[in-house]
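Single chain ahead, written as structure tokens, the form predicted on its own.
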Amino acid sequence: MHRYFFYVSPGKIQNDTAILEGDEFRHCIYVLRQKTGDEVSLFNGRGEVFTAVIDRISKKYCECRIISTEKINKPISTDIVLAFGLIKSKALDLLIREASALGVSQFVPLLTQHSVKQGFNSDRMQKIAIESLKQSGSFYLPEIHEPVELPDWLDMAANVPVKLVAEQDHSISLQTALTKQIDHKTVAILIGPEGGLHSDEIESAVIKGFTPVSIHPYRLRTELAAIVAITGIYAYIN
């Protein structure tokens, strides 16, 4: 029998009580028709899984009494920070969904010269990430940042030990770049939007310590390039 997991924000867990609300509450109570006294499985996005019993149901939330807690170790030791030029909504949804399933730790949407100018709904992106985790069996929710200007993020990433930028020309292979690094605890990979990064932006990244890497011989769409880069990184470090 399939075991359903429901996401509970860490802030909604106090002592042995977890508050299930929003979409997760509606799925639990109105779709799966769970009721008072039923046992449910919860996770907080930080690797903790809870077995709980529904104690009380209201119109907008339910209170669950935690009866056991299990810490799930992260199977992938490297944290991947995926920074990408902002892209169209449909492609963005796909990128968040697939990269979350692959275990990315952080998403950083960037405002670059060729980025798609549009709104960014972080709540929606988190919902997509949560659904992806539940499907893939991961219990670590990635951090999703608000869009930031590329120069600002390059400064923010100063202390990341391994910094890569996807670039077909004048670059080395992903594996070669990783081989030259000793500390793989955190790897940042920068992917351009549709139309790519401007040469000035690539130069700025290189000045800030980013290594240009070729992730595939063909020119890929942003969402596919991100997936190829992530799987390439994991293939090397594991």
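Throughout, we count residues from 1 along the sequence that is shown. All figures in this text were calculated on a predicted structure; none of them were measured in a lab.
As for the form predicted together with a further copy of the same chain, it is not shown, yet the points below apply to it.
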Q. Applying a 4.5 Å heavy atom distance criterion, does residue 11 contact a further copy of the same chain in the model of the complex?
A. no
Q. At the 4.5 Å heavy atom threshold, is residue 138 in contact with a further copy of the same chain in the model of the complex?
A. yes
Q | in the model of the complex, residue 94 touching a further copy of the same chain (heavy atom, 4.5 Å) | A | yes
Q: Spell out, yes or no, whether the shortest heavy atom distance between residue 19 and a further copy of the same chain in the model of the complex is within 4.5 Å.
A: no
Q.
Partner absent here, but in the model of the complex, which of 130-138, 158-166, 143-151, 111-119 has residues with a heavy atom within 4.5 Å of a further copy of the same chain?
A. 130-138
Q: Heavy atoms within 4.5 Å of a further copy of the same chain in the model of the complex is the criterion; list the residues of 92-120 that meet it.
A: 94, 97, 98, 101, 102, 103
